[in-house]
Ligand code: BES
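Next up is one chain by itself, shown in structure tokens, the form predicted on its own.
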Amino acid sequence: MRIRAIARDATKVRADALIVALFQGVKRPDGATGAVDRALDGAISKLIADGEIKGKKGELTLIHVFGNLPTSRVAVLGLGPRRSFNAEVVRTSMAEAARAMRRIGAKRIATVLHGAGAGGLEPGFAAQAIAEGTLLGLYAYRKQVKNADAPSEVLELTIVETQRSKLREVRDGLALGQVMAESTFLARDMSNTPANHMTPSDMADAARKVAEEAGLDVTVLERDEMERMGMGAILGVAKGSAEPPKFIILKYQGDGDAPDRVVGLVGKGVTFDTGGISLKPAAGMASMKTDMSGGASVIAAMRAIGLLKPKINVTGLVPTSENMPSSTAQKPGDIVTALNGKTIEVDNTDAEGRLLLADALSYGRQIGLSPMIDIATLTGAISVSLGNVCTGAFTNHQPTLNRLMRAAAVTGEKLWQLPIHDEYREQNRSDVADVKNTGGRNAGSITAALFLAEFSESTPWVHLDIAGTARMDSTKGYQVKGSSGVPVRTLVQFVLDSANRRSRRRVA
């Protein structure tokens, strides 16, 4: 889709549909909406007076203009009460509006800059939110669909800003929003792709393409290299599959003044999870193609970071494997040795993601990554606790999580912190190894996080359990049924904020 911003009177814009905005409770529209109202002989005001337009959040009223404006239609988008307005309202409302425009066949959409006036948003941030909401809301995965019933495509989005002095800021916001959204598309595409088309080798190929596009360094460790290094945890998971495991390393070097200061992003990449010998029930197993969403989010975030070029160093680690049952698969009761030398009793082969992360976090410590943020569809227990609204967050370093939560507040991707008190460690104690890979039913997300803490050790670390938020069962707002792409935008925002923070320190 082409995205652009122009300085023009909204009543002079040519498009298939022009979207204007209205806060709940407003009786007489002003600004760009007021100008459009006047051009339509007060049609919007009359509909407000009749109670047909209320301005409720997400409300969309379509008005045919019959030649009174260059645009074919005007859509009045409700933004809800002014007191609860924020960028997330813009994202969700624009996503719903964009899908409505697609349904009526509008290919060229124009919109005013929602929230940049009375809403109090900076023009660039408002433009970013519009781009993100529109693009994410229009996303569709149809790579394997060949029929002729595909929805019509929206080809162009134009933001109309009346003040030319704000145009550069608006265009910068649009560009950032487009990078954020398109990188999220990559994560969604990878996680929506069937497992026979997204093997560990395919993930490695995707990482290589991202590296070429975004100017990153890429290394892919093969099985023999992992064996030499002592990555016994990931190799144990991979034993049951004919597909070879891969360990993907993506490096962005944006700060030559501090080459040893590197943020680490670590993503679980189980491209299909049967549970192994501890076989999952058949119902719902098809969705286990999404079990590599953490790895996909890291690859996608690294793409955005490479394109945006912040002054910071970032390394992405993605251990990837299938988890399959076979005559060669690891068995409950087996003991494997992770890269850091700790032995692990495999109490349940369906707790495999944490085994991949054990080696990846150990490797991250070896090469000096700090802080490290791992992202994984790790436990069903997190869905029981938080549903699909919040990602579960755990940490051994509160300042890092605080910064990550501030980034999430900017992007609208919700995080909720859970505890990792020492008392829970007892559940992971093994009689025959240093640690076992499950802590039982109670507090399952917490004990899983504490297992990972054995391998992050003293490095500042945050664990994000996205098992509930990685996949959506229905379409709402800018989240489309299927893979969500969470938390790509939050990871990128965290890195951008960290780069700005370090730059301010240097100036000071």
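Only a predicted model underlies this, so the values are computations on that prediction, with no experimental measurement involved. Sequential numbering from 1, following the sequence displayed.
Not pictured, yet referred to below: the form predicted together with the ligand.
Of the stretches 351-359, 152-160, 300-308, 258-266, only 351-359 has residues with a heavy atom within 4.5 Å of the ligand in the predicted complex.
Of the heavy atoms in residue 107, none are within 4.5 Å of the ligand in the predicted complex. Although the partner is absent from this view, residue 464 stays clear of the ligand in the predicted complex, with no non-hydrogen atom inside 4.5 angstroms. The ligand is not drawn, but in the predicted complex it has no heavy atom within 4.5 Å of residue 208. In the predicted complex, at least one heavy atom of residue 288 sits within 4.5 Å of a heavy atom of the ligand. In summary, among the residues 395, 192, 128, 379, the only one with a non-hydrogen atom within 4.5 Å of the ligand in the predicted complex is 379. With the partner omitted from this view, the residue of 425, 280, 406, 223 that lies near the ligand in the predicted complex is 280 [heavy atom within 4.5 Å].
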